[in-house]
Structures are given as structure tokens and as C-alpha cells.
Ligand code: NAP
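Only one chain is given next, in C-alpha cells, and it is the form predicted alone.
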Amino acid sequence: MQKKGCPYGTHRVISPKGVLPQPADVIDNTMEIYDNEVLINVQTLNVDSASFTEIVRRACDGKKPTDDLSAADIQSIKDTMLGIVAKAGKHKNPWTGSGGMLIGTVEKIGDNYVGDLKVGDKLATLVSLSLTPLVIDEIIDMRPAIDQVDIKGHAILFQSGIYAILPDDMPENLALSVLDVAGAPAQTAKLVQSGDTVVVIGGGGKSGMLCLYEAKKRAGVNGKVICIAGSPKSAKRAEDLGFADEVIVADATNAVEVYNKIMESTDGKLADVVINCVSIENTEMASILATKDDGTVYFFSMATNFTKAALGAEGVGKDVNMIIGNGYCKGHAAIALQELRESELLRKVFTDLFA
């Protein structure tokens, strides 16, 4: 008889006791399922950008995922990932605290699991790897530039775990790359109103491009969408998409530089909404300074230090609404996938980069 499980997965927590699986240091990753769990045969891990960047930096002497990585570098990344899972029972980055998500096939369903899943369904989990019991038997392949790792292994989905059945009108890797950041465009759709001035920091990246599209769609002809890109290459990508009214190359860690450029771009009015999609540290103050009083900053980036954001806003006398980048938003999977169906240009860019 299958053991009874908590819908939130607390029965898997080893230490410290009394916490949920995400903040836990160690969870039980034995693959014998409880009565309300789903066993998934995992195909691919999509590690979140901030997490993978930090893993590569530490494993490869400061290199970035987009650098020319040697065979020794790749092995070092594999060893680091395997070590994280062996120690924690899940892929929770010990430096960033973040995880990512996965795609796989439903292999077994608990007797008391409530839901529509069937054995054989191909799905993407929409809960973080930082709380998902995971076993990696072998790392088969790695695409560092897009944070994807193909494995042989299994994972557990809790009763409370959200997921999306993979669509049949686009390649799996393409759907995975979009679903991994689905919370960002969905939150953008909620936050941006007609006529708003919107700044997307990191608008040339994966989540940023989706946010630019959604921001322009919601702000309309009376609004203004500004992209802050960290390099000429990402700026060119954003310009070619055409969703931003203005593309600015700036260092998001230089808060005053960003502030001055947004002041100039908005005739001193600043932005109603700022969306931070970058995967590097110390961009909190650029986001805050670019926002007008009573405006909203949405920190989607998992590299955000919320202490720096809170105390930093206080320190400069900014009365802004700051939203933590909740990766879940009602309907977020449908919204993100629909963007690729609506925009052939966006789909082509995502296909070229990630599929």
C-alpha cells in the first residue's frame, strides 16, 4: 500500500523539519511514490538562467555559459550538478537558491492523486527544481548557451505541483524554453495598462523578449516601451523584433547611468512599470531609480537581492511598489505559448536561439 503524502510535499523534507520542500536543505528523493504523487521519467532540465550562470562561473573558473567551454569544463559542470542533487535530493543551486524546471513523461500516478494526468502524458513541470525530488542517473547532453541539460533520471511531482501538457504545435525544446519563463510575460500582462511607460531591463534576453511583446500589446499606441539591453548584440535582437519603441544599451549595474538615460527618454517622467529580467546581481537600484513614485517594479530575476531592493528604495526615498518575481501566475503557460502563436517573428527568434 502506498504511503499517504502531504499535498505540499512536506513528507519528503529531511532537514530542517517543519519547512516546505523549497526552503529545505535536504529532501527525500527516493523514487517510490506516495499515494498523491506522480513519477516522471525526465528528459530535459531547463536550469534557470541565474542558477546556470553561477554554476558555470564556479565550475569553470569564471567563464560564462556562452563562452567556448572545453570538454573539461563540461565535465566540471556535470560534476557540480550531480553533486548538488546528491547532497540535497533536488537541484537547488546552493549559491542562488533557485532551480529551473523539467520536461518528461508520466510514468506512474499515485492511487489518491487528484487530477487529469495519465500515464504517458508528456509535460513540463511549472514548479521549481529547487523543490522537486530528483534523481539524475546520467547527464547525456548539455546546451550551455540556453541552460538546457538532457538527462536520464526521474522526478516527483507533488499533488500541489502545477504543470503544462506539452503542446503539439511546436518542438518540445521550444515549448520548454518559453514555459521556463512563463511567469514573466503573464505578470507583465497583469501589470501594464493602456498608455503606460514600461521599461524592460534585459529586454533582449529570453524572458525579456516575451515581456517586450506583452508590454507593447498592453500599453498600446498611447504607451511607450523601452528596452534596456546589456550589449549591442542583445540590443540588435530587440530592435529587430520591433516591440520596443526605444532600445538603450546600458549597464544595469550602473544605477545612475540607467536613471539618466530613462530620464532623458521619458522627459523626466520615468516609468510606470519596470520589469527586471536580467540574470546578474546588483541591478536592483537601476530598476528602482527608473520607476516613478507610486510606480511598480517587477523583479522577475532570481539574481535579485530583496534586502538590497528594500533598503535601497528606502535610502533614495523612492515610494514604489516592488513585486517579487513569482514564477506562477494564473494562465501563465497559455499566455506565454500564445505569444509564439501570435507573433511569427518572436517564434522564429526563439526557434533559432532555443530549439
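Everything quoted here is computed from the prediction, not taken from an experiment. All residue numbers are counted from 1 along the displayed sequence.
Keep in mind the form predicted in complex with the named molecule is missing from the figure; the text below concerns it.
When the named molecule is considered in the predicted complex, Val135 lies well away from it, no heavy atom lying within 4.5 Å. Taking non-hydrogen atoms only, Leu69 never approaches the named molecule to within 4.5 angstroms in the predicted complex. Proximity of Ala252 to the named molecule in the predicted complex falls within the 4.5 Å heavy atom cutoff. Shown alone here, Thr125 lies farther than 4.5 Å from the named molecule in the predicted complex, counting heavy atoms only.
Not one of Val13, Asn29 and Gly89 places a heavy atom within 4.5 Å of the named molecule in the predicted complex.
Heavy atoms within 4.5 Å of the named molecule in the predicted complex are found in one stretch of 271-279, 161-169, 108-116, 72-80, which is 271-279.
With the partner omitted here, the residue from Ile33, Cys60, Val320, Ala303 that has a non-hydrogen atom within 4.5 angstroms of the named molecule in the predicted complex is Ala303.
Contact annotation: of the candidates Lys206, Lys224, Arg218, His154, the single residue with a non-hydrogen atom within 4.5 angstroms of the named molecule in the predicted complex is Lys206. Contacts between 48-66 and the named molecule, taken as any heavy atom within 4.5 Å in the predicted complex, involve Asp48, Ser49, Ala50.
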